[in-house]
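Here's a solo chain for you in structure tokens, the form predicted on its own.
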Amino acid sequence: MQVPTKVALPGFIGLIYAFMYLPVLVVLIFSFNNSEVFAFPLQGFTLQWYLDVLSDARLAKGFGITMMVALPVSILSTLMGALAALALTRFATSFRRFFLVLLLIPFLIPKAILAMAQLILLSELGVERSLITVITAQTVIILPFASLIIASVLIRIDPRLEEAAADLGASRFSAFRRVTMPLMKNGMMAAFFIAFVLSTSEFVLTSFVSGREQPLSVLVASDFRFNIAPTLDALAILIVVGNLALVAIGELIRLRDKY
């Protein structure tokens, strides 16, 4: 007997959301549990684990380093992604397919292999691992995401708008600044926020190319290997809340510009 599509589809969607978010719900529950043991029944309600996270100088330093990496990575990925997207969508050259493949290679190669390759390259060049190497490495792997996001916006922009501006006497740069740039602004903003989230959560590549100054993702992964503490649950929830707040801010900016 065939299940009607209208009945089956919401159920499948519900299962997908449950698979995605139930683990986060479990982490949220144990982040308020008054016990260091991850087991039911719960021992009571407490905010101690959140207070421990907020008062941990080591995690605060790691968070600061994460911001020092994520901001330039987001800016570089967005600007370079915009240029790459313009090259892919606005210039019909014979090398466009080759350029697209070259752009997507970091996205297709497993991160562990790419991280080892970058580590070997740094060693051969005699470059010491630092925040600069982390920013460079993360930009390489996040750039394809930013480029595809912005390109998806540029594809929907009618090129005749730029032609109309040129017919009215606007230069090529003026037409881009006054017509194309405002229309692709939302795509660049989305690329920036996604690049920021990807940078803050990147571990594999960062663990290979980071030096003594380690971002929060590396510190948390190191703690997780040796000690599974409730403070890690609290920290995970704070990170999720921060990412949601970032998405909400982006959506509010988009709605403000829309209306």
Partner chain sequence: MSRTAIGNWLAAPIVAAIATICLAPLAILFLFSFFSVDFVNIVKEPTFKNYWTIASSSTYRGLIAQAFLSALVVVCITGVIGHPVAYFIAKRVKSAKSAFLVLLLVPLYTGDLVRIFAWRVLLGTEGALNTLLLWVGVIDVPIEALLFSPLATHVVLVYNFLPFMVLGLWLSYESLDDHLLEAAGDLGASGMSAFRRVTFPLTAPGLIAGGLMVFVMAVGEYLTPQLVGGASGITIISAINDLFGTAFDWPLGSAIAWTMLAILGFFFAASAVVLGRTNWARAVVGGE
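For the two forms, the rigid core is made up of the largest set of C-alpha atoms that agree within 1.5 Å on superposition. Positions refer to the first chain, counted from 1. Nothing here was measured: the structure is a model prediction, and the numbers come from that model.
Omitted from view is the form predicted together with its partner chain, to which the following refers.
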Is R177 close to its partner chain in the predicted complex, meaning a heavy atom pair under 4.5 Å apart or at it? no
Report yes if any heavy atom of F40 sits within 4.5 Å of a heavy atom of its partner chain in the predicted complex; otherwise report no. yes
Give a yes or no for R225: in the predicted complex, does one of its heavy atoms lie within 4.5 Å of a heavy atom belonging to its partner chain? yes
Would you check, heavy atoms only and a 4.5 Å threshold, whether P106 touches its partner chain in the predicted complex? yes
Output flag, A84, A112 and A137 jointly within 4.5 Å of its partner chain in the predicted complex, heavy atom basis: yes
With the partner omitted here, the residue among E124, D158, D167, E128 that in the predicted complex has a heavy atom within 4.5 Å of its partner chain is E124
Given that its partner chain is left out here, which of I65, V53, V197, V209 has a heavy atom within 4.5 Å of it in the predicted complex? V197
Out of 17-41, which residues reach within 4.5 Å of its partner chain in the predicted complex, heavy atoms considered? Y17, F19, M20, Y21, L22, P23, V24, V26, V27, F30, F38, A39, F40, P41
Core-aligned C-alpha movement of V247 between this form and the one not shown, 2 Å or more: yes
